[in-house]
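The chain that follows stands alone, in the form predicted on its own, written as structure tokens.
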């Protein structure tokens, strides 16, 4: 079945929601649900970029460090009384620069993406820790929720994330740039023979990934009066898990953003589900890791059957 993984994760999400309705009906109170959706909106934005990177047959585990740097830089710019119309594009540009560094090393020098992004993950995170020493960045009052009321700000954050998802989903299906990413992920040499430059596509994919991280960081910054230099910790595991469980093949060239969206919804419900079921929160990371493992095993079995 073409969309077996996407349908499977949708059914798993439905089963979890039904179980929560039975054993923890308090989960469905409107305000907690709105707060949950708002917190997960930045993760959805990063997951969209991660889906593109994995479809391109690459991986980026430095997104959490990029997220932290973009968040702190955006906070520092905002604390200088710069307007949000400057701070937001600045955060996106900083993310794009960090993503471009990965892209140059991977596409330009042909280095393995897992090695490069592991190195940049540690480098960016330790450099930020040395520079900030754990100190938070205090934000002006007009930054939180874009200067709107909390409810309006929450809906704005959610709307930005959903709009981005819709636009990217359409672009991946209907625009040449999206088809280029699929082509390079399926077979880079075949793509090159067809006139598609694999190195350029890979570089731009990483640069775009960084830009999305910068946008996600800004969507996170506006949710609090302070910026934590440890922002984004663990977001790489969560987005990779959401993407691969949502049907994006870790071997590249296959998958879509709707599956990634379903994966994000499923993972987003795990933490409150554990809370309502009185299960220790540290199980969340274990469940995410198990989801990645199961998805990779399923992808491997599917690839073997296809080649048999």
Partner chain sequence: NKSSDAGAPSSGSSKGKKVTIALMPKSKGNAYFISCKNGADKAAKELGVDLVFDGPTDPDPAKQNEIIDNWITLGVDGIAAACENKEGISTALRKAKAKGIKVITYDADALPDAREFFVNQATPQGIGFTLMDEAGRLCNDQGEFAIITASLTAANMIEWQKYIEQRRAEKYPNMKMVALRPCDDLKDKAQSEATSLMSANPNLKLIMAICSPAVPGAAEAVKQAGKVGQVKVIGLGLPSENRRYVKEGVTDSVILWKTEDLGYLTIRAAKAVVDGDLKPGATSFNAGPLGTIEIKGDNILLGKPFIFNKDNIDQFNF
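Here the structure is a predicted model, which means the values were calculated and not measured. Positions refer to the first chain, counted from 1.
If you look for the form predicted together with its partner chain, you will not find it shown, but the lines that follow are about it.
- One stretch from 132-140, 76-84, 205-213, 90-98 that, in the predicted complex, holds residues within 4.5 Å of its partner chain by heavy atom: This holds for exactly one stretch, 132-140.
- Query: Given that the partner is absent here, does residue 153 sit within 4.5 Å of its partner chain in the predicted complex, heavy atoms only?
  - Reply: Contact check for residue 153: no, nothing within 4.5 Å of its partner chain in the predicted complex.
- Item | its partner chain contact at residue 225 in the predicted complex, heavy atom, 4.5 Å | Heavy-atom contact with its partner chain at 4.5 Å: present for residue 225.
- If you look in the predicted complex, which residues in 31-54 sit within 4.5 Å of its partner chain (heavy atoms)? Heavy-atom contacts to its partner chain in the predicted complex: 31, 32, 35, 39.
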